[in-house]
Ligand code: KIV
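Before any questions on how it binds or moves, here is one chain, the form predicted on its own, in structure tokens.
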Amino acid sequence: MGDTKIHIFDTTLRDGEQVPGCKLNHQQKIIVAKALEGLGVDVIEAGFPISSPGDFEAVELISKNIKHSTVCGLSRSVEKDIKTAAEALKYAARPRIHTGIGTSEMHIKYKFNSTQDKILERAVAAVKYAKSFVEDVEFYAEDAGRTDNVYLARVCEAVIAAGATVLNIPDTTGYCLPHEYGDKIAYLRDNVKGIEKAILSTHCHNDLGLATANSIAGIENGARQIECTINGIGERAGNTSLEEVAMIIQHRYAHMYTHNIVSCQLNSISQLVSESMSMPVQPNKAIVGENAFAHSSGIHQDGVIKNRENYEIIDPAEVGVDQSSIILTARSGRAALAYRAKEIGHNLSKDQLDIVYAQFIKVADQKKEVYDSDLKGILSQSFATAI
């Protein structure tokens, strides 16, 4: 657990593609997979091979095209699932089978109509069978967020003994609060025999808007892999956002942890995934949203113009954005107006700025945003009136 490397496991092509309307064709999947590899993602979950012939073919194609990242295929704790995943991954340079089963009382009783002991047996059998095909086997304890810690530790200990190399502890329903999820990871770290033989992994959903916070709490308590997606897409309210955890680690935990993500590619891959999946990124999305580095309040604009770090903790260039945006609105002040006027070739004196600002406010009150074309008209009209 002393390892400082945080492994980034991207499931955009599996969990992310489960979003209604986000289906990709094979060529699109290969393009995204190669972009993820170039981004520095450690593990690419390419799909769920048993789910359809198309998904099998996609995982197989991605396995043939990815040379450095681990390629992962999902399966249930069913022999046919596992064998199919192994077949789809046979060309992968670094294959991983991701198998598992629900462990919460809710799932055991109402999904499987089973018992804790029987679920434990199925978990062990699944890992052993997957291990007969590949060395790298990840086990997921579905709904771990609502699973009793003592039982969860029993399951984890048993699957490690069976050969699991990674333990995925999903907050499948986004139920946990950060301190609860962090405590769960810490409990496993401290109470599972043989835990040093496996990597603890977070897989958090965003139903309460806590996916990123929970993932970071997991890292703070011993997890060394984060499962996430580009733009935070995924089932229901989505998954942990790759760009968020990457920049949190880079900016707040650089003294403790490292990752392989090439952050200057985050904006471009965000746009690629958004366009490929026809899934718009909300403008106020952290890191990659259109407004992430945009300022429209006069107080903020004045501060940013004087020193960007007054209101920005990340340099836009770090994530592949050219520069901060000063957006002219009715809430903008003279500093922002002078700044934008200078950008289009007009270095205004104080007296000129006062004249232009009076005309600008009239226009801004009528529009949501004043563009350069509007500003040119304002400047022309203001100077004509002054003459």
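For clarity, every value in this text was computed on a predicted model and none was experimentally measured. Note that residue numbering begins at 1 and tracks the sequence as displayed.
Keep in mind that the form predicted in complex with ligand KIV is missing from the display, and what follows is about it.
- In plain terms, the part of the chain that comes close to ligand KIV in the model of the complex, with a heavy atom within 4.5 Å, is 202 to 210 out of 202 to 210, 148 to 156, 180 to 188, 285 to 293.
- Of the listed positions (Glu142, Asp81, Asp302, Glu244), a single one reaches within 4.5 angstroms of ligand KIV by any non-hydrogen atom in the model of the complex, namely Glu142.
- With the partner omitted here, the residue from Asn221, Thr172, Ser270, Thr165 that has a non-hydrogen atom within 4.5 angstroms of ligand KIV in the model of the complex is Thr172.
- With a 4.5 Å cutoff on heavy atoms, Arg96 does not count as touching ligand KIV in the model of the complex; it lies far away.
- For the chain shown alone, Ile226 is not a contact residue for ligand KIV in the model of the complex, no non-hydrogen atom being within 4.5 angstroms.
- Contact check for Ala92: every heavy atom lies farther than 4.5 Å from ligand KIV in the model of the complex.
- By the criterion of a heavy atom within 4.5 Å, Ala217 is excluded from the residues contacting ligand KIV in the model of the complex.
- Taking ligand KIV as it sits in the model of the complex, the stretch 68 to 88 comes within 4.5 angstroms of it through a non-hydrogen atom at just one residue, Leu74.
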